[in-house]
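Take a look at this single chain in structure tokens; it is the form predicted alone.
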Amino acid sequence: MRVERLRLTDFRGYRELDLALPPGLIVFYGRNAQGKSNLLEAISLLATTRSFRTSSEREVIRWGAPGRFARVVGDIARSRDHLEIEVILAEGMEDGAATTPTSAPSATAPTASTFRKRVRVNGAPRRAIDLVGTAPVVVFAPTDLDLVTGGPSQRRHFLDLTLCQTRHSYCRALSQYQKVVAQRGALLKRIREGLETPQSLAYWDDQLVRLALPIMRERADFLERASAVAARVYAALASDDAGDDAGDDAGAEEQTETQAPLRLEYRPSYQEYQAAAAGSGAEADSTQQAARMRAALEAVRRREIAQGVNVLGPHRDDLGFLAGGVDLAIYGSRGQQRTVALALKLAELEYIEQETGEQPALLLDDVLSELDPQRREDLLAAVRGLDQTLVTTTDLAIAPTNALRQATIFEVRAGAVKPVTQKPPMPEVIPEAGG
């Protein structure tokens, strides 16, 4: 999948933009706050209907826009067809709105009554939740470099966005599950306050279990398959990690251990799931799984009521990153942790392509500046040959020269996007003395 043409109206700093995009590697460069990341944000919006940069979508409307709306249109080339995808975000728009469940709305986000979203594919209205996965993308932003060491919610968001782009059934189940968790949580608080009885939880227990098990099954299956890909990519990218943070003998021994094959580990809050049900889809097994999970909810009933929160379920899942039995989130060097994040994103890309038959566009938003020179080389070498990779950077000098010579380069300045026709020179090769 690739974006052949991107049109923006009153989106961020762009009053109007009509930009043709070629296949292959595309580099947008310019100083900070010139509009580079906004281009990738617009493409991500076409794929997921959400911004990866903000939870308040009102922010994408250009300040002072006369109609108080932003419009993003993309001409999308897929392996089997071409599509025109249009997303409009507006205040006070009368058309129906829809939201996607890839992340929970923030407490400060505008309400549906004042802020609306409209989606069209080839001119026909579509629900936002049904658009997800139509034009898949993989986004790699600086915050994603903290996937290993960041909070569990960041890793759950990664899982959900990946799976929503491959299966509509997962996206629908997740949306329903989030509503059940909200309703059940409110009921737990009412029980704690003496306004309801614990018996009233029976219905919501059944609903939580019914939706939670398929979500956990999909997550476990994805991580099992992605683990092999991530291990392969990690091994290729981590060749220079052995020297990171190495010092004394103990440190050197730890570095040797962490060069073992990478393994992704699913860590559900309902821990009995893995032992009793991982990877099983049989009806009899599903019935047993549901019974076990309802029993687990009964076992934590007092704790849930006392805290007024849902203790078990996919909303509390996590994943771990292990090499030779070592937890890289705790004991890995900073370099190794960033290499794991790179491997995870490239595993996501390969998984989506295998599941959908469409290779996602890869969006690399200012990540080169966060990597050392070797990892920049490794990353761009790993993505060479993809249908379309879009990169933003403030400094062309940090990008590997060989990659730039094969790239289409645009300069972005104050919301104007101009092609750069002169490629950077190849580095001079100096002969070694005595040769």
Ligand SMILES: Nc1ncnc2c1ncn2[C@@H]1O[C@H](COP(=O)(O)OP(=O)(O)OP(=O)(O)O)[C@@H](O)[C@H]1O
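Owing to the predicted nature of the structure, the values given are computational and were not obtained by experimental measurement. Numbers follow the displayed sequence, beginning with 1.
The discussion below concerns the form predicted together with the named molecule, not included here.
>> Checking a candidate spot here: are R31, I61 and D366 all in contact with the named molecule in the predicted bound form (at least one heavy atom each within 4.5 Å)?
In response: Checking in the predicted bound form: R31, I61 and D366 are all within 4.5 Å of the named molecule.
> Using a 4.5 Å heavy atom cut-off, which stretch among 381 to 389, 398 to 406, 368 to 376, 35 to 43 contacts the named molecule in the predicted bound form?
Replying inline: Correct option: 35 to 43.
>> G24 versus the named molecule, in the predicted bound form: is there a non-hydrogen atom within 4.5 Å?
In response: No - in the predicted bound form, heavy atoms of G24 and the named molecule never come within 4.5 Å of each other.
> According to a 4.5 angstroms non-hydrogen atom cut-off, is R50 in contact with the named molecule in the predicted bound form?
Replying inline: Although the named molecule is absent here, R50 would stay clear of it in the predicted bound form, with no heavy atoms inside 4.5 Å.
> Does the 4.5 Å heavy atom contact test between S55 and the named molecule in the predicted bound form come out positive?
Replying inline: Because no heavy atom of S55 falls inside 4.5 Å of the named molecule in the predicted bound form, the answer is no.
>> Just to make sure I understand: among 4 to 19, which residues lie within 4.5 Å of the named molecule in the predicted bound form, judging by heavy atoms?
In response: Read in sequence order, the residues that approach the named molecule (within 4.5 Å, in the predicted bound form) are R12, G13.
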